[in-house]
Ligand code: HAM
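Next up: a single chain in structure tokens, the form predicted alone.
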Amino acid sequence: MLQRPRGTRDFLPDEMERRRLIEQRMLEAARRWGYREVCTPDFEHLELFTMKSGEGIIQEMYTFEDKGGRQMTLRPEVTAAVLRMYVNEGKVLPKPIRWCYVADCFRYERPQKGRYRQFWQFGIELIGADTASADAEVIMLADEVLNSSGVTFDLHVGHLAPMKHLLTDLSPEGQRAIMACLDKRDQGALEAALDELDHGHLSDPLAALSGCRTIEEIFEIAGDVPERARIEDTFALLDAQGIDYLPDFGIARGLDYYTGMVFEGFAQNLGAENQIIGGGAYRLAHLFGGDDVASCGFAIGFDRVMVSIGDFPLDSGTIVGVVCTPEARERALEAARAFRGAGFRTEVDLMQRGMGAQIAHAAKTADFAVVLGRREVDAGTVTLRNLETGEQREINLDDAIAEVARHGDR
């Protein structure tokens, strides 16, 4: 028996309904802020992602050569593809551009709980606004989208400027090495890297950034940071709107293109793999031949959100089962069409069961049975049976639909 590929999953109907429900809640939250849904191809040119993240990412990707000899890959994330789309299609659009997406991504890595080789991201990109208000909007939207899903989380917000200010004397390569240690929160590796770069004196102030809980503390450690006013404005906007967050200037976000504000969110009921969102301000479009436009966004690990939420009851609405004798089949299909037209999930027997077996099957899944035999066909009626109470009566089709609708309104 063939099995599904390692690191992938099959979703049965209940789970798909839960996923679609949470997905729609997130999309609706983004829509209210003016973010409209976009979609990019499942596969892109390999260069799109190596330009952004370096050649090292190739070992984590599903790459292939197409029949034209071009190096392609299944997308490992969506931000690069959206910015490529902006360069190709969106440069003339009025700014700021507000886009959102739900997309499956692919990475070749060791599967574990909440981490799969095929996984889904929900994300937004705000392109063309370089202000504290833009930074704050993305964080506030992230908070609203996560709250709409029902997940319980902690939001950490920081800014790279104080950290980069402390590292200003290091070469770009040295800064990247230190930022990588900070991103992994590996104090031992950090101290070793700083010693190797002859900057061991930075170990304590860099470590102290993670413990700061006020803006004032940050600047006491980092000194006169040029971006101070931008940072203060961003955090003041968050505070004014009552956003529940933790200042965390130890966030390094190892991707080179992050330029300023950064944030992360963590589900409260997951283990080590508990990060469910990451984002910040970045500049990426120029790598793909576009303008050096300011952008800001986030990506949510949709699968981890679903793991954190867990199972919850589904409201499938009122379900109707149509039961009929062979001579009433055509009339049964007409009745089913009428109920579906009124918005009800309606199922018709396809197994040529007897009437008793049809009713027994309907009782397992439906709220009402619509029974049609020769008598009902001749009279132009249906027999409507409430499968919960056992009550039934013979009425015309329109009245039956109205009765089922009244039941659904209760």
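Position 1 is the first residue in the sequence shown; the rest follow in order. Fair warning: this is a prediction, and the values are worked out from it, not measured in the lab.
As for the form predicted together with this ligand, it is not shown, yet the points below apply to it.
Contact check for residue 332: no non-hydrogen atom falls within 4.5 Å of this ligand in the predicted bound form. Residue contact check for residue 288: none of its heavy atoms lie within 4.5 Å of this ligand in the predicted bound form.
Shown alone here, residue 73 lies farther than 4.5 Å from this ligand in the predicted bound form, counting heavy atoms only. Within this chain, residue 162 is remote from the site of this ligand in the predicted bound form, having no heavy atom within 4.5 Å. The contact residue chosen from 167, 320, 276, 151 relative to this ligand in the predicted bound form is 276, the criterion being a non-hydrogen atom within 4.5 angstroms. 107 is the sole member of 107, 91, 283, 156 with a non-hydrogen atom lying within 4.5 angstroms of this ligand in the predicted bound form. Comment: 113-121 is the region of 113-121, 241-249, 309-317, 205-213 lying near this ligand in the predicted bound form, near meaning a non-hydrogen atom within 4.5 Å. Contacts of stretch 292-308 with this ligand in the predicted bound form, defined by any heavy atom lying within 4.5 Å, are made by 297, 298, 299, 300, 301, 304, listed in sequence order.
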